[in-house]
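The chain below stands alone, shown as structure tokens; this is the form predicted on its own.
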């Protein structure tokens, strides 16, 4: 059964969708992914088939089982008991609270030179779960793209898409979305949008770099397995908590920044943060969390 479900995630990676079925394959992919992850972490019984190299004692003592849907918004902390305890301790005094405040200041009280503000571009700040969007003539538009477009349209210079003000404003948007109970709702409503999704999926499942690894090796088949002392996070729910304050960064960063770091770890030449490659990958990644709650900003190691 496990092999069948994993294979189902790969089938159709290069398929072409007909008119009126623009999100049919994406919905099928998401359903298969959710079922696979829930089965993988359903019970301790038979867990060795998914984790053949994980010590039995570790499976007994450090894994949480019976995970469903929304549980996966926590990434690896959903199934890593020790990690979840550390995560809860870190969140007693969240290091990203100042970033939310800074983002709120940028949104509510910062004026452009022409007198307008981000409120004119984004009247409702609870929009984190709506991005990325596919815009005809522009392709995939991430939230960072939309923020920079707002700046340029109002005569301002675009921001670094990895950190700083960009991460702060995204943190405020994520916080506002979480406060309103928003969930990810990524739309595929055209043949061109479906093609961008398929391109992102192809990127995710393709082996790259001198290590010849794909994203899926770590975050689908490898979800729950350990690399040194850290458990690999699952594709399902992987984007819900961004932007994140990473202890390794000692600051808040965007999803684009994290992907670039993964590229380096794979031994791959990195792509620009506003490239079509990056935007299409984020389109696929975020669709694979469709229906899950917006849970950012958050903290990770």
Partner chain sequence: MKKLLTLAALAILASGFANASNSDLVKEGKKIFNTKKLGNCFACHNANGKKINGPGTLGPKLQGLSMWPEQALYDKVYNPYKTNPISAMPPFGLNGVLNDHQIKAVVAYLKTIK
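Positions refer to the first chain, counted from 1. These numbers come from a predicted model, not from an experiment.
A second form of this protein, the form predicted together with the partner chain, is not displayed here; the remarks below concern that form.
Of the heavy atoms in residue 149, none are within 4.5 Å of the partner chain in the model of the complex. At a distance threshold of 4.5 angstroms between non-hydrogen atoms, residue 58 is in contact with the partner chain in the model of the complex.
Residue contact with the partner chain in the model of the complex: residue 54 places a heavy atom within 4.5 Å of it. Mapping the unseen interface onto this chain, residue 213 counts among the residues with a heavy atom inside 4.5 Å of the partner chain in the model of the complex. None of 202, 180, 108, 226 but one reaches within 4.5 angstroms of the partner chain in the model of the complex through a heavy atom, and that residue is 226. None of 125, 139, 222, 83 but one reaches within 4.5 angstroms of the partner chain in the model of the complex through a heavy atom, and that residue is 222. Just one listed stretch, out of 204 to 212, 96 to 104, 110 to 118, 191 to 199, contacts the partner chain in the model of the complex at the 4.5 Å heavy atom level, and that stretch is 204 to 212.
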